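Below, in structure tokens: the form predicted on its own, a single chain.
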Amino acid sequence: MAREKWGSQTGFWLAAIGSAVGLGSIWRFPYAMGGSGGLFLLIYLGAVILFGLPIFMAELAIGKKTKQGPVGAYREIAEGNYGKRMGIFQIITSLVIMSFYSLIGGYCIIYIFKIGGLAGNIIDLAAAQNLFDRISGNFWLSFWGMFVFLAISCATVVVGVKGIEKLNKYLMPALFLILFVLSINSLTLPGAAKGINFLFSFNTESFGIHCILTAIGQACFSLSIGIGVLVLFGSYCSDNNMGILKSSVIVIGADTIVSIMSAIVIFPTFFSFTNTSPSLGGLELAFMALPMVFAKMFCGALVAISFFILLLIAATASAVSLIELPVAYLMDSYGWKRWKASFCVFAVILIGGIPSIYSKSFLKGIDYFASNWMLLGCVLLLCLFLRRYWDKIGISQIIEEETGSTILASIVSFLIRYFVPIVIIALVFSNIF
């Protein structure tokens, strides 16, 4: 079977941006900041440059060189079953993430239809919490929301690479437009300066291992690094439509801009209408606190609907790439048809999401475990793999050929083979002991 290809360089960029710019950038980034504000932002930006950029480039290089998904690519590079096991672990991680991610996408769909008529009634945090509890506490409503979200995402995957490319061709411009409009609206609100001050000021009291771990985990989650998505996307590229460094900078830059813009939407808006701390937690900030804020705004119902449409667009674009990962594995390894592989993955994720529907504490726990520990585990395993097979893969040579810079190739090599694994191991031991 001939390998599917992206139709254009721009199509690949938009698909990669869609994978990176998901709920991680818009839903998770603001609450991950907690009470740390600018300190978290500084650590996050450092993680994006020192962790995100070199690993992003390395994964694209592997896909570009092998023209295979992660399991096949690692198996081709490594001896024995080591590479295959690592690829399987990445796929399991993507499925675990999708098990709660799809529920959040389902909540977005439910809120789009409910928030417009109810926005005016959410006069305080208690009313907002009551609305969220009624929705999240209704098993079948939450289940059908997740079902519809997964059906939309899997239907896109069934169409194939061209479907993913076309979806992001329309969704990404729409996402940036809505986010830009909401950002301008947020900055014009009375008291917005307090939110901006929180976003860019430094609260040194919040500095600690947890803050560093969360910031690095957020960078990995937001950029989709370490789980094989970028290897897969790189394998769909023809040699003449992808420069590794250029593509990495464009995608990472777009994702970082969206993360900061989402914080600009949320924090000035939040501080303008409430004196409550913004560090309420992920679900509370997006689905409880913000609806209360929107209710007090001019045209609040319209703003609320726009915000949850934005969340849905971001969630769908990222979910498609996470679903494509196990689907491609089933196609490449077992010769399954796309529709069969997509249906199987759909069923696994839907069943796996049921515990998160039953328990919000389980949802928060699996989010923290998967987004930090499992993802960091994937990144650590990938770095150790790259350190062992660096010369065989020839990543330095690929970077040198594209950029003409031996210095850049040496820096990327040092960061991936030494700096990143040492930092992750140190964080793990610091958190344990």
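What you see is a predicted model; the values in this text were computed from it and never measured. Sequential numbering from 1, following the sequence displayed.
Quick note: we don't show the form predicted in complex with a small molecule, though the next part is all about it.
Contact with the small molecule in the model of the complex holds for none of A15, S153 and T316, as no heavy atom of theirs lies within 4.5 Å. The chain is drawn here without the small molecule; in the model of the complex, the stretch among 138-146, 340-348, 299-307, 225-233 whose residues come within 4.5 Å of it by any heavy atom is 225-233.
Among T256, S321, S186, S248, the residue placing a heavy atom within 4.5 Å of the small molecule in the model of the complex is S321.
The small molecule in the model of the complex comes within 4.5 Å of no heavy atom belonging to F270. Contact between L23 and the small molecule in the model of the complex is found at the 4.5 Å heavy atom cutoff. Taking the partner from elsewhere, Y101 is found to have a heavy atom lying within 4.5 Å of the small molecule in the model of the complex. Proximity of Y74 to the small molecule in the model of the complex falls outside the 4.5 Å heavy atom cutoff.
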